[in-house]
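In the form predicted alone, a lone chain appears below as C-alpha cells.
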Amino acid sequence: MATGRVDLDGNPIKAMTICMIGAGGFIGSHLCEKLMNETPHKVLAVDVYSDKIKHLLEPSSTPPWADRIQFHRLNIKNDSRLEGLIRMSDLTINLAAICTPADYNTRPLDTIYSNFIDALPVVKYCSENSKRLIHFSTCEIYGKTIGSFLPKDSPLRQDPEYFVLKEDASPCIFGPIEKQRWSYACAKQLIERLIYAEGAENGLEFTIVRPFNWIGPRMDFIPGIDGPSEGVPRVLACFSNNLLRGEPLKLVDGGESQRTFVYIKDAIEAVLLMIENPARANGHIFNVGNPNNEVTVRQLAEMMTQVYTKVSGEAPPETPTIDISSKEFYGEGYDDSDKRIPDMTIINRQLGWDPKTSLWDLLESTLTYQHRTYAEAIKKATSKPVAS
C-alpha cells in the first residue's frame, strides 16, 4: 500500500471511509482492489453478492485486508441499515444498477425501479447527512446522436458536432415511449437531474460518472456457467460465450452500431482521481471512455475472434458471425443509438486523465482471462456422456 500520497494539487490525502454500494460487481470489484492495493482508505462494501471480491475478504489473503474492507450483505431496497453505513462514511459511491440491454425490454419496471426509485434513498441520506456522493450513471443517458437523424448521405454525419457527446452541451434524445429499451436511460437521466438539483438547492457534494463501455476481466456472466442459462449478458460476454463454445457470434441488426471501449483498469484510475480530488471533482459530470477505441459491433466481433484464436490456440468457427434482428434477439420494443463517442475535455481539464490501453491489448487481456476462467467449465458442460 502506498503511503505519503498527495492529490493533484500537492495536498496530503487523508484516509477515508467509503461506502461502496454495488461493490461486488464488475466495476466495484476492480475499484475495491485498487483501493486495497494502493490507498489507505477503508471500504464498507455493500452488495447482495460477494463472489467477485471474495479474494479480498478471505482472512488468508496476502496482504490481509480484513481491517480495511467489510462486506455488508444487504439489498438497498427498504433496508434500514443503509443510512447507518452512509453516516459512518466520508464518501458514498453508488454502483448499483440493472444495466443489461436485454433487461430493458423484458424487465422495464425492474430497470426503472433499480436505477431511479432504489437510488432515491442513497441521494437523500447523503444530502441529509452532508456526505459526498459519487454516482455512476451511463453513456446511455445521451440516447441517440443528432447525426442519427440526418440523411444517410449527409456530409454533416462526419462533423463531430453531430455525434461527439459533451456532458454540458449534448441533448438527451430517446425513442418513443413504446420503445421500452430507453427505460434505463430515462431512469438514469432522472436520477442525474435529482442529484444535480440536490446540489443546487441543498448543497449536496456530488460527482456523476458516465461510463462508456468499460470492459475487462470479471465483466458480466457466462450463461449456464456462472449465470442463468437463459440470461443475455452484454456484448463482450455474449461474444465471449460464443467463442468459448465455438459458435458464431450473433450480430444484432448487422452489427452496424458504433461504440467506443475503454479498459477497466484505465477507467478505475479515473475514479480514484475523483475520489481523492474532491475539490476538482465535486459538482462535475465526467464522461469516462476512450474515443480512440471506436469500432462497429461487427468489427468488434472480428477483432475478438482474432484475439481469441491467438490466446486459446483454437481455430475460429467455420461461420464466424451470423446476423440476427433486434426484435428476435431482444424482443419487441428495442431501439438503438448509432454511435457514442465521448468528449474528454472536462475530465482531462479537471483531473488530467487520459486512457492508455488500445482495444487490441484490452481484448487480449480480457479474453485471456475468459479462456483461463471458463474454457474447462464449458467443455464439461457441453460434453455428452458416451454410451457404453
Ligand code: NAD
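Numbering starts at 1 and follows the sequence shown. All values derive from a computational prediction rather than experimental measurement.
What comes next is about the form predicted in complex with this ligand, which does not appear here.
This ligand is not drawn, but in the model of the complex it has a heavy atom within 4.5 Å of Asn213. In the model of the complex, this ligand sits within 4.5 Å of a heavy atom belonging to Thr138. At a distance threshold of 4.5 angstroms between non-hydrogen atoms, Ala281 is out of contact with this ligand in the model of the complex. When contacts are judged by a 4.5 Å heavy atom cut-off, Tyr184 counts as touching this ligand in the model of the complex. Only one of 190 to 198, 145 to 153, 96 to 104, 163 to 171 lies within 4.5 Å of this ligand in the model of the complex by heavy atoms, and it is 96 to 104. At a distance of at most 4.5 angstroms from this ligand in the model of the complex, none of the three residues Pro291, Val295 and Pro342 contributes a non-hydrogen atom. Checking Asn75, Ser80, Ser130, Ser229 against this ligand in the model of the complex, a heavy atom within 4.5 Å turns up for just one residue: Asn75.
In the model of the complex, Gly22, Gly24, Gly25, Phe26 are the residues of 8 to 26 with at least one heavy atom within 4.5 Å of this ligand, listed from first to last.
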